[in-house]
Structure formats: structure tokens, C-alpha cells
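One chain comes next, on its own, written out as C-alpha cells in the form predicted alone.
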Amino acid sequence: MISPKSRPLWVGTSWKMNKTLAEAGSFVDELLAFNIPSGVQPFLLPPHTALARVRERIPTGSPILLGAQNAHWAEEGAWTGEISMRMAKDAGATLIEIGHSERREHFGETDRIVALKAVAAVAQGLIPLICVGEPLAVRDVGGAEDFVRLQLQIALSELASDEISQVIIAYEPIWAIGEQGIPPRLDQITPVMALINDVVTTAGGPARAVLYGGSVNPQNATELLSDPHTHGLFIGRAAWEASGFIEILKLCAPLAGAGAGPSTIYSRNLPWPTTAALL
């Protein structure tokens, strides 16, 4: 388990249904030319088609972790169009995004399915990146915390207490994500971030990290990270170009890593914790 003092600042982006192989390669090449600040843990979630290619492009020792945007809970079988956790890992994934609101809305994923996927990910030695968040109608009637609490409790219900410290939770309020997303005020997210930390810790945590996602951009990234319950950012379209992702990584540098001074920069030629060390 990673202690709060040694926990890195996680900063990542999902490309969703974007980028050809060539476009993915260009993004990675530009990112690799940037020295990742000490104490920052960057991660990318390419589409399945680009995962193995991106893995091949990233040199051994790079701090960049890769994830898949979805995988099935079954080990194998007649699940047309799906991939298993084992297949995602084989293609280069270290993280598995689970329960994004778009998967819930458009593909009928329930809290129970999220729980099955979380335990399947852990069984394969992968880090579950579990997304939770309430719609605007729920927030408007004061139900955000109860909504997220229930999502989270069910999501963690299949995990043993000693496995819960392996998960990352991303709070992504539905009203804040997407092209029409409403940028949040800090006072809107702070109570929910605190709740998430409490729920996970009570269940057996603390979590590996609790991230905020939803209308994150260079203008609000620093303020969002000022919340003591927020351990990183899960960024959407503001990081779909490498330049945008790098800009936010630069903003995170002074805030990263207790004991890892902001002026210390990792070179790609220096050692970085392996996936096994993170797990």
C-alpha cells in the first residue's frame, strides 16, 4: 500500500474513441521529449487498437503507465467485441478504467458490473480505475454524496479488504464532463472527495489514489489540486493533444510528491518504479 507521504500525484487522460495509430504515435513522441517532473505519475488510456503500439513506443524505464478504457470481467469466452483483463494486460495495460458514465449510460453497465470488473482486474494484477459521479438532477436535490457513496460501496463489494488499497477512484460528476460540461467550483467537489476517501478507508483502504475528473483544464488544475483529498487529475479533451497534457503536467510539478522537490526532474534514462513495485 502506498502511504500518503509517498503517494505520487497521478495525472492521466483517456483518449476515448479518438486517435489512429499514427496520431497516437505522434502524441507519445511529443510526450517522451518532455521530462516528467519528480513525484508525478502520468498515465494514458489509448483506445484498444492503439494500446500495444503505444506500449512498444514507450521505452523501458519511462514513468508513463498505460491503461485500457474497458475490459470484461470474464477470463475468456463468447463475448463478441469485448476483451478480457488478461488480454488488456498482454497488450500493455497496467490500469483498467471501469464504470465511466458513458459506459453506464450507453452500454447499460450497472454498479454490479463495475464490481465484477474491479475484482477481475485485481485478479490479473491490474489497477482498477473506478469512475463514480452523479448527474446534475441528483446534485440539484442535494443527493450527490449519497449517490456516490452507494456507487462506491457496490463497486468495492467484491474486493477483499486488503485489495481495496490497490484501487484508484476517479470522481467524475456527470454534469462536469463532456463538451457541455460545467466547470466545477472547488466547494462543490471537496465534500465528495472527502466522502470517497472516507468510504474507501472504511472498506479497507486508503485507496491508491482518489482523482478528480470533469472539465479539468490549465486554468483550474492547480485549484482543483489544492483540495487535500485530491491525489491527482483525470483529464479529458484538454489533454487530447500532447501539448495540453504537458502543460498540465508542468502545472502539477510544484504540487507533486511529498519529499520529492518540485525542481527535481526524472530523465527517461533514470530508473522509475516498475509496475510490480506499484502493485
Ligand code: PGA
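Numbering starts at 1 and runs along the sequence shown. Note that this is a predicted model, so its numbers are computed, not measured.
The following text describes the form predicted in complex with this ligand, which does not appear among the structures shown.
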| property | result |
| --- | --- |
| Contact test in the model of the complex: R237 vs this ligand, heavy atoms, 4.5 Å | yes |
| This ligand contact at S215 in the model of the complex, heavy atom, 4.5 Å | yes |
| Contact flag, H100 vs this ligand in the model of the complex, heavy atom cut 4.5 Å | yes |
| Partner proximity in the model of the complex: G125 to this ligand, non-hydrogen atom cutoff 4.5 Å | no |
| Candidate from G178, P135, P191, G204 lying within 4.5 Å of this ligand in the model of the complex - any heavy atom | G178 |
| Candidate stretches 107-115, 151-159, 69-77, 169-177 - the one whose heavy atoms come within 4.5 Å of this ligand in the model of the complex | 169-177 |
